[in-house]
Structure formats: structure tokens, C-alpha cells
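Next comes just one chain, in C-alpha cells: the form predicted on its own.
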């Protein structure tokens, strides 16, 4: 029994996306052509253009699908976790696990998409901001409950956390994923938390 036309179209679209993903990651966005993608997907160039306007449209579609999946998963991952530090640890470990599970998507986001001049006008950028908004909420919660420093600026703390996280991922990708993202992660997390957390107040030495 033949597949319905809608299913065939979706399958073809997914085949194009997977072909582009593999080629972008293997030989780079600039070196990949529409002819390469159509050949890899087993389609004519004319057929490919029925689904995507060009190479840039594919570059923007691939990470949008991935980041949308991350947003759906994150709320489930953080559900029931108490305390800002525990939530931050879960966020970091969860995110790195998802990156290691989808290295091609991560490579396209971190090495190609973020250097694209149109990135900040895309739906992907809006979703990335939404993904990182959870971090701002966690830092605000920690400050409100007294777990974080009273003088902490949640936005600066979020930026430091994101910057560290993205730096680790970018190096990992540039070094061809030769090691695990989790190497020395506990030490890195402890250093960051040392800057964020409220310092314990011990008894005065004059008592």
C-alpha cells in the first residue's frame, strides 16, 4: 500500500535535512553546494527547491528542529528538582549529554549558524533565548531564596554560565570530539558556583 502524499513529502523533507546535516558537518557550510545536498538525498536540484529555498534555509531549519526538541525536554528534566545549585548542575549535565548525543546538530549551531549574519533574526535565535531564559529564572530563584549572593546580578551570572558552557562545547567540536564533555566538568561547575553562591557566615571570632 502506497504512503499518503503528506507522509512521502515529510519523508523527503527529512531526507534532505539529514543529507544537509551530514554534509555541513563533514565538509563545512561554505563548501557544501545545493548539488551536493540533492545528490546525497537522491533528488534533483529542482525537486529540492520545492522544499527549501536554498542552502541558507537548510542551515536555519536544522538547528531549529534540534533546539525545539531541547526546549520540550528541559522542563521535564528540571521538574521536581529543588534548589538553584541542583537545577544548574542538572541543566549543565543534561545539556552536555544532549550535545554529545547530537554532535552534528551542535556543530552546525556552534560553528556555522552563529557566524551567519541573519542568525539573530531567525526563529532559532528566539528559541535559544527561550532555552537560556530558564537559567535566568534559576539565578533569580537562588537570589530570592538566599542560596545565591545577595549582590548577584542574575543576568551577568547567566551570561557567565552560558559563556563557559559554549566555550567548552566549541573547543570540543574544534578538537573533533576527541574527549568527553564531562572531563573536568565537576571542577568547572564548582568554580562557577563559588562565584555565584552566598558565602557561609560563621560565628564571629570576637564571640
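Positions refer to the first chain, counted from 1. Just so we're clear, the structure is a prediction, and the values are computed from it rather than from any experiment.
Although it is not shown, the form predicted together with another copy of the chain is what the next lines describe.
**Q** Taking another copy of the chain as it sits in the predicted complex, is residue 163 in contact with it (heavy atom to heavy atom, 4.5 Å or less)?
**A** Contact with another copy of the chain, yes.
**Q** May I ask you to check whether residue 33 falls inside a 4.5 Å heavy atom distance of another copy of the chain in the predicted complex?
**A** Answer no; every heavy atom of residue 33 is more than 4.5 Å from another copy of the chain in the predicted complex.
**Q** Flag residue 111 as yes or no: does it have a non-hydrogen atom within 4.5 angstroms of any non-hydrogen atom of another copy of the chain in the predicted complex?
**A** Residue 111: contacts another copy of the chain in the predicted complex.
**Q** Might residue 69 be said to contact another copy of the chain in the predicted complex, defining contact as any heavy atom within 4.5 Å?
**A** The answer is no: residue 69 has no heavy atom within 4.5 Å of another copy of the chain.
**Q** Just one of 168-176, 140-148, 61-69, 41-49 has heavy atoms within 4.5 Å of another copy of the chain in the predicted complex; which?
**A** Stretch with heavy atoms near the partner: 168-176.
**Q** Select from 116-149 the residues with a non-hydrogen atom within 4.5 Å of another copy of the chain in the predicted complex and write them out in sequence order.
**A** Going through 116-149 in order - heavy atoms within 4.5 Å of another copy of the chain in the predicted complex - the hits are 117, 118, 119, 120, 125, 149.
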